[in-house]
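A lone chain, given as structure tokens: the form predicted alone.
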Amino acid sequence: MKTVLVTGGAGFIGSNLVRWILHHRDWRVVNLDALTYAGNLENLRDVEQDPRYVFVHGRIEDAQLVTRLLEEYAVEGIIHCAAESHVDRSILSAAPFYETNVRGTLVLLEAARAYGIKRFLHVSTDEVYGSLGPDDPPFTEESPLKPNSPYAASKAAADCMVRAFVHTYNMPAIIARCSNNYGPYQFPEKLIPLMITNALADEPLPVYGDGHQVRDWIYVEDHCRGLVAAYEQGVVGEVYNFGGRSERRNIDVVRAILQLLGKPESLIRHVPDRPGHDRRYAIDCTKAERELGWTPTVTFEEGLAWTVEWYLHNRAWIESVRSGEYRRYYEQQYSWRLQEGAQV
């Protein structure tokens, strides 16, 4: 049985990926997660008893820990999902994004190179490409990197480091870049879960500027299928874009959520736009479809309805996250690691 190390496996994309692997592949999964504010073991409560699943609390910047895990579990490959990912937080403070997204990726690459890892999949974002005009064609894998936020810049730097390790050290690495994900277990600071949770509480729905920013949306399970396809079939050194072919204006997404919940549009509050807000993202996923046999299968209308339904039936998860109760539990559980100097 092969073993893969998934970093950031308690986060939104990571937890959905861990679950997808355990349901569709006979692999052992070692989940390394620092349990920062967006990491939540409740996301994986349904698989925590699976004998093929191992959780390890720690940071990807901890080179000694990463090396020990590769050796102890005879790890064959790494799927690197761990990242600071919220643009607003990167605008307030860029340093944590450099620390995790750049230095953490470098630590993983160096450990993987020393150990002789067979496969390294780096999970990136379409935000490294910058912004598109209203009539521009979607981003392809050949589009130049033009990051516009500290978050995007940190991911672009990590992408470049992965590329450098491929060309300098023959690292068997692949890069995957995705458009906006949505689905179950997403931390409610991102657009769709924030709007759902605020609407359920009859609280104002803050929309940046005119709300006409355009994003391409991909259901998280479609993305997870793509990541496994890239891990299994991708060509070393290549980049694969994963998108949902579902461009939508933010304001239209918000209105669709309100309609599904039967809530009034009077809850919408337009707030000042954030600095440097990219106007449009769009992904051309033709290469992944052609070379990996992958295609998005969930329409935005289907996926949004499923997502709203999930949040409606998981009010306890929402309340735990919004209140911070899940954090207090982890701080008690892992206080021993705090005493050793690691950060939670």
Ligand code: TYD
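Residues carry their position along the shown sequence, with the first being 1. Fair warning: this is a prediction, and the values are worked out from it, not measured in the lab.
One more form of this protein should be noted, the form predicted together with thymidine-5'-diphosphate (TYD), which is absent from this view; the next part is about it.
When you look in the predicted bound form, the only residue of Asp136, Asp202, Asp88, Glu232 with a non-hydrogen atom within 4.5 Å of thymidine-5'-diphosphate (TYD) is Asp88.
This chain appears without its partner; in the predicted bound form, the one residue of Glu76, Glu238, Glu189, Glu247 with a heavy atom within 4.5 Å of thymidine-5'-diphosphate (TYD) is Glu189.
A residue is said to contact a partner when one of its heavy atoms sits within 4.5 Å of a partner heavy atom; Pro172 fails this definition for thymidine-5'-diphosphate (TYD) in the predicted bound form, lying far away. Residue contact check for His313: none of its heavy atoms lie within 4.5 Å of thymidine-5'-diphosphate (TYD) in the predicted bound form. thymidine-5'-diphosphate (TYD) is not drawn, but in the predicted bound form it has a heavy atom within 4.5 Å of Arg215. Although the partner is absent here, Asp222 sits far enough away that none of its heavy atoms falls within 4.5 Å of thymidine-5'-diphosphate (TYD) in the predicted bound form. Contact with thymidine-5'-diphosphate (TYD) in the predicted bound form, defined as any heavy atom within 4.5 Å, is confined among 139 to 147, 160 to 168, 202 to 210, 113 to 121 to 202 to 210. Of all the residues from 125 to 150, the single one having a non-hydrogen atom no more than 4.5 Å from thymidine-5'-diphosphate (TYD) in the predicted bound form is Glu127.
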